[in-house]
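Below you will find one chain, with nothing else, as structure tokens; this is the form predicted on its own, and questions on how it binds or moves follow later.
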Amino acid sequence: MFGQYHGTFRYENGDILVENERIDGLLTYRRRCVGHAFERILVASKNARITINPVEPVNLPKDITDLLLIEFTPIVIEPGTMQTVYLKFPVEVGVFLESEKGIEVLDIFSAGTQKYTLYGPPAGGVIARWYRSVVYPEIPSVERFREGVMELSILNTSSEWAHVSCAVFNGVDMKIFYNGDIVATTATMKIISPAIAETGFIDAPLIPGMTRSVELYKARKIRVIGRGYLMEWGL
């Protein structure tokens, strides 16, 4: 399903159907995913194309937050050491209509469910998209249209042992890549103290040769300065 399409096409796999077809001479985009349907008539030049790729998983069911919180099996890290682990993260799919005149976000959908949580105290915390993952020592197998692989390098720069059971990321900074097998991103976590850490993303594919996804924020022409995220309310 991921890739670029010109004119008509059809992809169907289980609960997912995505297609472009001509109905009464009009090019029509149609999507069905786990019981939810979406349809639009497309009026664009002959050179226009549809791009489908994984996007930052903080858009559904509506714009609530830019933050992604992944909870995982607690890890204890010695002072001054670094450990690289692999987590899973939720996948959302973006559909873009592109031409010489620009790019338009046509559709966003997901085969998974969306849950949200509060990170921090009730009076001053923030809402984040929540996802739970097992910690893996190697790249795990995934359901490609539901979950991706995150390579997370955790560095404990503090002078104390650190107990880590979650990581919060700014979805604006997320760099997603994909190939025929998996969706992936590469992230970092720098522990400053037992309760404070900085997280961010690396703009590089997990596996050589992967294709970089179109980012929603660029498609929407929202100017963003990569800044990572400072976790101030515990790890």
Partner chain sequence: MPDLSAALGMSTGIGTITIGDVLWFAGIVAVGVIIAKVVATNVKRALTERLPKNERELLAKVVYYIIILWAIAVALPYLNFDLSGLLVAGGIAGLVIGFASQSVVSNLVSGLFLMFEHPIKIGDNINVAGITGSVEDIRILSTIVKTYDGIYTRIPNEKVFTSNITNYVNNAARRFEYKIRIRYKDDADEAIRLAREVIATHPFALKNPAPMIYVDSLGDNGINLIARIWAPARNWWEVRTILLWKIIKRLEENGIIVPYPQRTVWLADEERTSGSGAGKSLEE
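Because the structure is a prediction, the values reported are computed rather than measured. Numbering follows the first chain given and starts at 1.
Below, we turn to the form predicted together with its partner chain, even though it does not appear here.
* Let me know the one among M82, L106, I103, I127 whose heavy atoms come within 4.5 Å of its partner chain in the model of the complex, would you? => Contact with its partner chain in the model of the complex is made by I127 alone.
* Asked: Can you check whether L42 is within 4.5 Å of its partner chain in the model of the complex, heavy atom basis?
  -> No, L42 stays farther than 4.5 Å from its partner chain in the model of the complex.
* Asked: Using heavy atoms and a 4.5 Å limit, would one call P61 a contact residue for its partner chain in the model of the complex?
  -> P61: contacts its partner chain in the model of the complex.
* To do: Consider E71 of the chain shown here, and say whether it contacts its partner chain in the model of the complex, taking contact as heavy atoms within 4.5 Å.
  => E71: contacts its partner chain in the model of the complex.
* **Partner proximity in the model of the complex: V76 to its partner chain, non-hydrogen atom cutoff 4.5 Å** => No - in the model of the complex, heavy atoms of V76 and its partner chain never come within 4.5 Å of each other.
* **Which of 151 to 159, 138 to 146, 107 to 115, 83 to 91 sits within 4.5 Å of its partner chain in the model of the complex, heavy atom basis** => Answer to the contact question: 107 to 115.
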